[in-house]
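Just the one chain here, laid out as structure tokens, in the form predicted on its own.
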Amino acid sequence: MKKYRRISEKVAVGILFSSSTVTTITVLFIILFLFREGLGIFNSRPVENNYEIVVNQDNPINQLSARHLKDIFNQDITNWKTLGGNNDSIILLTISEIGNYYSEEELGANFEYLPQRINDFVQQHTGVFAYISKAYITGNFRWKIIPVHKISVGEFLTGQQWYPTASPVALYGVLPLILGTLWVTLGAIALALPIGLVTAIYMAEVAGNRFRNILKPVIELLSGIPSVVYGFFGLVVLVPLIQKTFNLPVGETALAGSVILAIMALPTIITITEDALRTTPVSLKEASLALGASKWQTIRRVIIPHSISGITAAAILGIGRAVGETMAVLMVTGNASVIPSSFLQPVRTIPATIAAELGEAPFGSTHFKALFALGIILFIITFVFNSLVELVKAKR
């Protein structure tokens, strides 16, 4: 009998070990995959791989950034002098525009003379800026290929324009997305923390057991509602209300996202804060009351200071809950990738961007890698908040 018991115990230990090992390896594999795909963007060009930027060989410009390319295509920059080159107007040439300069006979019935015509045009015009396919570039032509900066970490993190599908130059500046995420989260915590703290104090120190036993399951039930339901509620009720109250063109704003996230973070904040308040030793409360302090003075001067680390942990976990939320925020914030300056304007968050664009990004493309890089940023933010919680717990 003992022999069978030892065997069953060893089997149970083996199952537990295997389960924990597989889980750990799976999590590490996901993290490694996230970083491998995300970091690939910093070895990519913002232009299509099969195209090159070509200029006249006498042009002194040797390198251009993605922002310069965008400004040239948008004709915000029209002279090479602006980029440090000669005082010469920029002549933009693409394949679709070559017909404006040459007849069909000169290009050939099957465009067999197209490469030669491009070569002639580039040599004859010192201000030309040609965006052409590599298929038309051979070693016999006299022109200069301008290398385009690869996407750098600094450019990625501090860039203020997120246009991943723009053609021919995509822009991957994630600063508006980072600030939009933090902006909405800050508003959510500013709303949820005082409400959650007051509710937790009431449940822990004021409410009777009967009412508390009714209220607590109701609050915990909020955490079980799917986020899309919150988003639908926000879209149907909250967004029109904000639009009408503040007389805005649209109601999808950072404020709508903050209110929805505050509601979603409340169960976490209330539950953890109440547990922290209940850990206050009865002897401390009785000592305070025995010294003549009222119940509210005891709560303010004894219970809250004693539970401050737990309250802090609740706030940080609430922030973590808000930072990672996707669907509800996607539905009510308007998804405008601009740097926020007010709670009454649309914003876009990192999770909403990943959810909205990942299905459209071709596998392995620069856009695909950029979304994984956003995932890395989100992972780091969440990791920092979780680490703060562990530090706070360690000090308790």
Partner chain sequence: MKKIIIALSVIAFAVPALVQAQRVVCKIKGSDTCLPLSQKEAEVYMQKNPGSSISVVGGGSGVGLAALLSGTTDIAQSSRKMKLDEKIKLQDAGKAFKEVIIAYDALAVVVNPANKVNQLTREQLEDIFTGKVTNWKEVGGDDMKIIAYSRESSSGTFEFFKEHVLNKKNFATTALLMPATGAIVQSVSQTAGAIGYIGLAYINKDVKALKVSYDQGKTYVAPAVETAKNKTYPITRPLYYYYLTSIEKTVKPYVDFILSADGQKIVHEEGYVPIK
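Quick caveat: nothing in here was measured; it's all calculated off a predicted structure. Residue numbers count along the first chain shown, from 1. Rigid core here is just the name for the largest C-alpha set that superposes within 1.5 Å across the two forms.
The following text describes the form predicted in complex with the partner chain, which does not appear among the structures shown.
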property: Heavy atom within 4.5 Å of the partner chain in the predicted complex - residue from I308, A166, L182, I91; result: A166
property: Sole residue of S44, S365, S65, N335 within 4.5 Å of the partner chain in the predicted complex, by heavy atom; result: N335
property: One stretch from 348-356, 35-43, 53-61, 22-30 that, in the predicted complex, holds residues within 4.5 Å of the partner chain by heavy atom; result: 348-356
property: All of V153, A188 and K285 with a heavy atom within 4.5 Å of the partner chain in the predicted complex; result: no
property: 4.5 Å heavy atom contact, T199 and the partner chain in the predicted complex; result: no
property: Close approach of G208 to the partner chain in the predicted complex, 4.5 Å, heavy atom; result: no
property: 4.5 angstroms heavy atom contact with the partner chain in the predicted complex for V250; result: yes
property: Close approach of W80 to the partner chain in the predicted complex, 4.5 Å, heavy atom; result: no
property: Contacts with the partner chain in the predicted complex - residues in 97-134 whose heavy atoms fall within 4.5 Å; result: E97, I98, A109, N110, F111, L114
property: Flag for A66, CA shift 2 Å or larger between the shown form and the other one after aligning core; result: yes
property: Core-aligned C-alpha movement of T78 between the shown form and the other one reaching 2 Å; result: yes
property: Core-aligned C-alpha movement of V323 between the shown form and the other one, 2 Å or more; result: no
